[in-house]
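Only one chain is shown below, in structure tokens, and it's the form predicted alone.
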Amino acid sequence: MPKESTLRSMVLCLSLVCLVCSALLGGVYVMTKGKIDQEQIKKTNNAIALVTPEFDNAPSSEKMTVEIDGKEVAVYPARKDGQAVGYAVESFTSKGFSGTINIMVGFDMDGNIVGTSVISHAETPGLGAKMTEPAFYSQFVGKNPASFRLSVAKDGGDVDAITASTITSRAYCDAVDRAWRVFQKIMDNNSK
């Protein structure tokens, strides 16, 4: 005859199952953490390569941080033959339609935008997610924010907004503007 279940035996059994599952989950995390970190570094290096002038150093190993708007922003110097050729700024904005948008913005030494690359976002597919398409982000390439107004045309700026995604377009401009202010801070510090 089977034993009758008691509250105590059910709690003990459930606790044991939870403990085993937690141990397995923790073990998988420890085993994959190194690979995940390597992939993140690879993703960062690819984003840096997309947005900066050609370089021969390892910008991710020379990472520095700059405080702007009360937050730390990562900056990666790009060098060629030991000379600085530009900077990649890992910028962000929390003004996206669906939350935070993280982008990499590259500048040459004259302050011109070499390129931008979206690192992460949660914008609506088919609408705000169009910020990852060249039709939108290419309008920043070669522009110097000293003379190019980093806001959408609706707000008096020089950026053509994504159709039906003005909030995302404004957020992207905000992130690029933050990167520009970080770049200016770096250049001011370098000239001192």
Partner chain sequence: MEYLIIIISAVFVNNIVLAQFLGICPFLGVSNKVSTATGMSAAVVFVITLSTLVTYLIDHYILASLDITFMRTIVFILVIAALVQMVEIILKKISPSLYQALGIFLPLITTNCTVLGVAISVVTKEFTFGGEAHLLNLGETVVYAASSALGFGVAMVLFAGIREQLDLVSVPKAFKGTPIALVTAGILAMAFMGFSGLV
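All of these numbers come straight from a predicted model, not from anything done at the bench. Positions refer to the first chain, counted from 1.
There is also a form predicted together with the partner chain; it is not shown, and the following applies to it.
When the partner chain is considered in the predicted bound form, residue 98 lines it closely, a heavy atom lying within 4.5 Å. Taking non-hydrogen atoms only, residue 83 never approaches the partner chain to within 4.5 angstroms in the predicted bound form.
In summary, the region of this chain contacting the partner chain in the predicted bound form, judged by heavy atoms within 4.5 Å and restricted to 23 to 31, 136 to 144, 150 to 158, 60 to 68, corresponds to 23 to 31.
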